[in-house]
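Shown next as structure tokens: one chain only, the form predicted on its own.
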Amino acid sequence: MNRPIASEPLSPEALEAALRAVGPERYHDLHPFHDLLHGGKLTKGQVQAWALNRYVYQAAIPRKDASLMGRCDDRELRREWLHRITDHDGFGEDKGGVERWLILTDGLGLDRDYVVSQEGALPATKFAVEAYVHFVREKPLLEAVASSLTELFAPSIHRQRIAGMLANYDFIDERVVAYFRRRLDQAPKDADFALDYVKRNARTVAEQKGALAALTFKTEVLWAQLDALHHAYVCGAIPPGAFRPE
């Protein structure tokens, strides 16, 4: 469980420690689906289902970030946050993370138009992702920023994914894992900025509780997506209209 905040605000250092403690308790690297994925225990069709559903989340990230910027009066925050959109949508020669994810699904043999349409994604995936977009659009700006702090925990899972998938699946190569290699550099920079922002701006007990709740909510969004994948493609309860592996 998250450590409760006392009646007095935490120091910035103690707040950082409380935020970092969320990962070992709640981050989705703890989900059994990831053990299967990284351990080479899934079929190609199950890996395809994961990649197709995860695209829904990847494609929503620029919308989420644009909604945050659209209501932000802080020029410096907007300037810093802007690169998150270009990191995913691309800018100039760099086609961005969404394109790198589509290269991943291409490499897995999925039809690109089908992936982009999101037609075969699980209903629970769509609901979870839209819940996150709405959260960032509607919650206080501090909480919207704090919800991005799952990036504190992302490099570890990316390293596990790169090593595990390359070692265990003959249909995975370096081109397919390029998205994760790029995020090894991007995620820590994004997390450092967002963490500093939260530490400087979460001054009251209520604000600090809100920041911790926001990060917890984001871990639940990620966990819910894996719950849906596990239920559909490991337990075999694929809902009508969703992708069915050949």
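Note that the structure is predicted; figures quoted are calculated from it, not measured. Throughout, we count residues from 1 along the sequence that is shown.
Just so you know, the form predicted together with a small molecule exists too; it's not on screen, but the next bit is about it.
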message: So, a 4.5 angstroms cut-off on heavy atom distances: do all three of Ile61, Arg84 and Ser148 pass it with respect to the small molecule in the predicted complex?
response: yes
- prompt: Hey, in the predicted complex, is Arg100 touching the small molecule, heavy atoms inside 4.5 Å?
  reply: no
- request: Using the partner position in the predicted complex, report whether Phe33 sits within 4.5 Å of the small molecule, counting heavy atoms only.
  value: no
field: Contact label in the predicted complex: His28 to the small molecule, heavy atom within 4.5 Å
entry: yes
task: Evaluate Tyr55 for contact with the small molecule in the predicted complex, applying a 4.5 angstroms cut-off between non-hydrogen atoms, and reply yes or no.
output: no
query: Heavy atoms within 4.5 Å of the small molecule in the predicted complex: which of the stretches 154-162, 71-79, 111-119, 169-177 has them?
result: 154-162
- request: Taking 4.5 Å between heavy atoms as the contact cutoff, choose which of Leu15, Ala232, Leu222, Val22 touches the small molecule in the predicted complex.
  value: Leu222
